[in-house]
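The form predicted on its own is given below as one chain in structure tokens.
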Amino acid sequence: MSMLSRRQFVQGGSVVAAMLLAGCGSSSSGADASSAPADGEYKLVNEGKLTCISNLFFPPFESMNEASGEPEGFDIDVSKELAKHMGLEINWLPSQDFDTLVPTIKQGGKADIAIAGMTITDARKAEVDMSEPYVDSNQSIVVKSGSTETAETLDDASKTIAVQGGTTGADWADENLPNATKKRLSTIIDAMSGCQSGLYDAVVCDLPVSSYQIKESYTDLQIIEEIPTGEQYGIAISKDNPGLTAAVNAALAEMEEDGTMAAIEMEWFGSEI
């Protein structure tokens, strides 16, 4: 049996999502709504706005522009286009730690979606709804250029591996480098900087992020292993808001079909991914 590509998979969901939305529009009732929305309708924390949360230190997916003080990145552009396709304004909240994003969405009342280079996992799906996938990813091991370290030599009690707390990279390191000391950090920038300075022996993080960071900023680091974990990123949405999940999936499908997603990929990665 042949496997569907990410684009085919996302596009295939558009029919179902569109059926859920047909005849209902993108109605929202605000955070203080006293009754659950009807099928195809959804609630928003702020009327007419798609309110987003993320950890804004995960370039190229999300980061803060030093000059403007505004968030920028692949996920930022995706969220803007999502809002546009849904007929909404975009509203970004301040950055928060990655491992708090799913609990925040689950609790509700603060943000509508978390878009943060977040891998779709069974554990996260048990807590929140996850959108259809919009990015494929793997993991990687990063060390200083010229290092002779390997995955085998790093699995030692004398080695310290930097990871971002709450990520699948941290999970991979726990499972596959059990003897090494893991240092859980708030941002991947802290991990890469620490590895560059020699504070940490290696970093385990998402391949698209490590590749971008080494090209743009940390040129004295290198990837010694690309780990084919076959991950896919999704957008976290409250289970109490299924109409919003359907609307987000429909917008993602439209963005695939009309070339919007391809244009964002070209902007940030130089090619379609």
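Remember, it's a predicted structure, so these values are computed and weren't measured experimentally. In case it trips you up, residue 1 is the first one in the sequence shown, and so on.
Just so it is clear, the following notes concern the form predicted together with a small molecule, a form of the same protein that is not shown.
Q. Of T104, S79, S140, T167, which residue is found within 4.5 angstroms of the small molecule in the predicted complex when only non-hydrogen atoms are counted?
A. Answer to the contact question: T167.
Q: Scan C195, A180, M86, A116 and let me know which has any heavy atom within 4.5 Å of the small molecule in the predicted complex.
A: In short, A116.
Q: Sort through 238-246, 210-218, 64-72, 47-55 and report the only stretch with a non-hydrogen atom within 4.5 Å of the small molecule in the predicted complex.
A: After filtering at 4.5 Å, what remains is 47-55.
Q: Decide whether F98 counts as a contact residue for the small molecule in the predicted complex under a heavy atom distance cut-off of 4.5 Å.
A: Output for F98 is yes: heavy atoms within 4.5 Å of the small molecule.
Q: May I ask you to state whether E231 is within 4.5 Å of the small molecule in the predicted complex, using heavy atom distances?
A: Contact check for E231: yes, within 4.5 Å of the small molecule in the predicted complex.
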